[in-house]
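The data below hold one chain only, encoded as structure tokens and taken in the form predicted on its own.
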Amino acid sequence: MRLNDLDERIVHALAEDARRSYADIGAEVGLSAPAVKRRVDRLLAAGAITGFTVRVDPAALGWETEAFVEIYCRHNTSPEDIRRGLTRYPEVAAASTVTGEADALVQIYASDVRHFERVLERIAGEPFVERTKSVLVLSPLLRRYSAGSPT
């Protein structure tokens, strides 16, 4: 489903703060609260909006160390094999197949560097992994959680 300009503005408003009322969003985009609700319901039904959630600072949960790991896979490893292998690690926040030399890029949160090292060793031991290359995050510079800028 491709969003029109009005739907994009509604999605952007929800992405900034999903707790906003339909009346508040409607005032911003020029619609009534019931009209905004109907559009949100339609976007949910079409799968354009996949859910509503809360964003939590990982440090508040004890995850003080963040890293990105490039995974280089053995020959003929499918994306599904990678996904299935990484699903069992609660420290993995995100994983994507990528272009370039690596096959996948994984974002990991750990309580400290030693914890990260243990997770990295376990991931490196997965049957589909040939090698890994990792970097630790020193300071996050920019985090965007919105749906992009409104038009």
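For clarity, every value in this text was computed on a predicted model and none was experimentally measured. Throughout, we count residues from 1 along the sequence that is shown.
There is also a form predicted together with the DNA; it is not shown, and the following applies to it.
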{"query": "The single option of 34, 62, 47, 125 touching the DNA in the predicted complex, heavy atom within 4.5 Å", "finding": "34"}
{"query": "Residue 90: touches the DNA in the predicted complex, heavy atom cutoff 4.5 angstroms", "finding": "no"}
{"query": "Residue 30: touches the DNA in the predicted complex, heavy atom cutoff 4.5 angstroms", "finding": "yes"}
{"query": "Interface membership of residue 19, the DNA in the predicted complex, 4.5 Å heavy atom rule", "finding": "yes"}
{"query": "Exercise: residue 137 in contact with the DNA in the predicted complex, heavy atom 4.5 Å", "finding": "no"}
{"query": "Stretch from 95-103, 34-42, 117-125, 52-60 whose residues place a heavy atom within 4.5 Å of the DNA in the predicted complex", "finding": "34-42"}
